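Only one chain is included here, represented as structure tokens and corresponding to the form predicted alone.
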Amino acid sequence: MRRFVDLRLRPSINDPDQVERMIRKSSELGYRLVGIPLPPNATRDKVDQLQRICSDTKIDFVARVDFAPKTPGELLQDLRRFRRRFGVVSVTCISKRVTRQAAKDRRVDLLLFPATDIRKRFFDHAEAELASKAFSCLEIEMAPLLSLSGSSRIHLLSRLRREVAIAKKSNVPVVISSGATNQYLMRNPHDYAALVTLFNMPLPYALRALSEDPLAIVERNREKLSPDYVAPGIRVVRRKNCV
């Protein structure tokens, strides 16, 4: 049985009622894990509050951070300061230089591009090759496809067809997330899987982008953040002293 994941649910974290409504809605729609973006300086109390709401709803929670650096240097500084505070790290790429740096840095999990400015979607074959080596994923949000109309939606779909083809050729996993800021932009995983066929993602590939691929990111990072982690495949094993 698939464990569906929405790695970018975007309620207002300062509105507990909205947070609870959207998390409950996620559970009702069939998701078993959600990621909620937090500011880099989010307090432990805020993270714990979100964790409690998710636990009450019997849904798993992962804290994520979305960096939007203006320069590669700013990105490197953000990663040094905040990487270990979050289970998922995404970079909104708004320049070619930032995209290149994010794509080749193994501390970056997700590459996200602006939906409303096609000129700033810099994911091409060079970036895909870097991302493949660094185990980064291309993240695609569904909310813009639901809210945009006319030529804006057409241009976005055209661009997404190209990016998905590039990602598939370079073996870069694609992660589908909602990006929903309210309940009305939320859909169940199978609805999203049907929607992404508009940009030529086969159904099995789409379902994987909503389950196995995002879940692999969370599990990999939870292992790395464990105090027992040493290196890939190496963990500290603690045994009680023998009498």
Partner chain sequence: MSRRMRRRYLALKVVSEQPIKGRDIMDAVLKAVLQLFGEYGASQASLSLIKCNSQKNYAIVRCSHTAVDMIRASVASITEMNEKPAAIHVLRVSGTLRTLRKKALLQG
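Numbering follows the first chain given and starts at 1. Note that the coordinates shown come from a computational prediction; the quantities given were computed from them, not determined experimentally.
What follows is about the form predicted together with the partner chain, which we do not show.
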| query | finding |
| --- | --- |
| Contact residue in the model of the complex, from L79, L156, A134, L146 (heavy atom within 4.5 Å of the partner chain) | L146 |
| In the model of the complex, the residue from M186, V62, M201, V174 that sits within 4.5 Å of the partner chain by heavy atoms | M186 |
| Interface stretch in the model of the complex with the partner chain - options 64-72, 190-198, 214-222, 42-50, non-hydrogen atom within 4.5 Å | 190-198 |
| Any non-hydrogen atom of R24 within 4.5 angstroms of the partner chain in the model of the complex | no |
| L207: touches the partner chain in the model of the complex, heavy atom cutoff 4.5 angstroms | no |
| is_contact(L38, the partner chain) in the model of the complex, heavy atom dist at most 4.5 Å | no |
| Contact label in the model of the complex: L29 to the partner chain, heavy atom within 4.5 Å | yes |
